[in-house]
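The data below hold one chain only, encoded as structure tokens and taken in the form predicted alone.
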């Protein structure tokens, strides 16, 4: 009999958290309204009062709350991260998602009763690295980078003493997790320390007379879209660029495409994955409701020995394209 994996769902706002809980999430993950989490955008995340009410709502429904404290504190600013951990422990969150070893050490030492999950931001994909975090800080679960095949995950599961969580839907995430400095180069804000990738204040859309749209981040043009195309949000890693050796603009880093592993659910469960993670704390309640409901049904059908009815989620993907990425083969481009 297959073990039942946990369905871990995004909650960018209290309303999205309630939507995820009502749609069947086993756990939700969220962050505070500051740089301690990697989705530090205006209009997102939780005040202390909102987190308290949301923890109560989730727990009443039997759903866990995981607090993302998954950025890296700059020198002299550790107090903000310490405060987030202390608050989460006081309000009864079920686990902290951490990346920085100082944050992990503080949480393990001061709040030893709280579970620690190692964020994908830590980019730990080898058994040696994962065992280090487990040994030194008591990490109970690792969120794996999206670069491993199913056989590699199966082999890893046999060598580490903690649970495994993998992404199954959302951002493809091929950049090295926790190591991207592209936004910092352009805007002066760090994805990994300020929690901001492509800050909204630096985003601009310029429409030309012919109806085409140029998207810019700061002083840099990231992409151009024709009058009939939908202009995407400008992130450097998913922009199209001109280069001297090429005749037309091309995706230098990665294409706008979303990960969708719905067809691989049985293989991932068999490989030893303990939790499936849906990405999307910046997305709408409608996105959360549709994706969480679809994967709740697919997982339940898989556990019942049935062929899962895979919902058509293409309209909710980036660029209206989806991929199984590196999970099936390393030839994802």
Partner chain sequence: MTAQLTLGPILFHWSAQDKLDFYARIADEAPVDIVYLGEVVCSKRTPFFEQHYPDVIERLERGGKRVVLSSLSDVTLKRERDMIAALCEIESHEIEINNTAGLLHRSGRAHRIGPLMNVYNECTMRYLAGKGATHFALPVELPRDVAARLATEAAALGAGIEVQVFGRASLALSARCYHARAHGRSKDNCQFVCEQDPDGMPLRTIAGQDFLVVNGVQTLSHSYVNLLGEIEDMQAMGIDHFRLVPHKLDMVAVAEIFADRIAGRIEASEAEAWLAALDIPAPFSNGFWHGIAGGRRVGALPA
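Here the structure is a predicted model, which is why all the values come from computation and not from measurement. Positions refer to the first chain, counted from 1.
The next section is about a form of this same protein that is not shown, the form predicted in complex with the partner chain.
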{"item": "Distance check, residue 230 to the partner chain in the predicted bound form, heavy atom within 4.5 Å", "value": "no"}
{"item": "In the predicted bound form, residue 207 touching the partner chain (heavy atom, 4.5 Å)", "value": "no"}
{"item": "Contact test in the predicted bound form: residue 127 vs the partner chain, heavy atoms, 4.5 Å", "value": "yes"}
{"item": "Exercise: residue 135 in contact with the partner chain in the predicted bound form, heavy atom 4.5 Å", "value": "yes"}
{"item": "Segment that reaches the partner chain in the predicted bound form - one of 185-193, 87-95, 161-169, 258-266, heavy atoms within 4.5 Å", "value": "185-193"}
{"item": "Listed residue (203, 114, 249, 80) with a non-hydrogen atom within 4.5 angstroms of the partner chain in the predicted bound form", "value": "249"}
{"item": "Contacting member of 120, 139, 197, 148, with respect to the partner chain in the predicted bound form [4.5 Å, heavy atom]", "value": "148"}
{"item": "Residues of 229-251 having any heavy atom within 4.5 Å of the partner chain in the predicted bound form, listed in sequence order", "value": "236, 240, 241, 242, 243, 244, 245, 246, 249, 250, 251"}
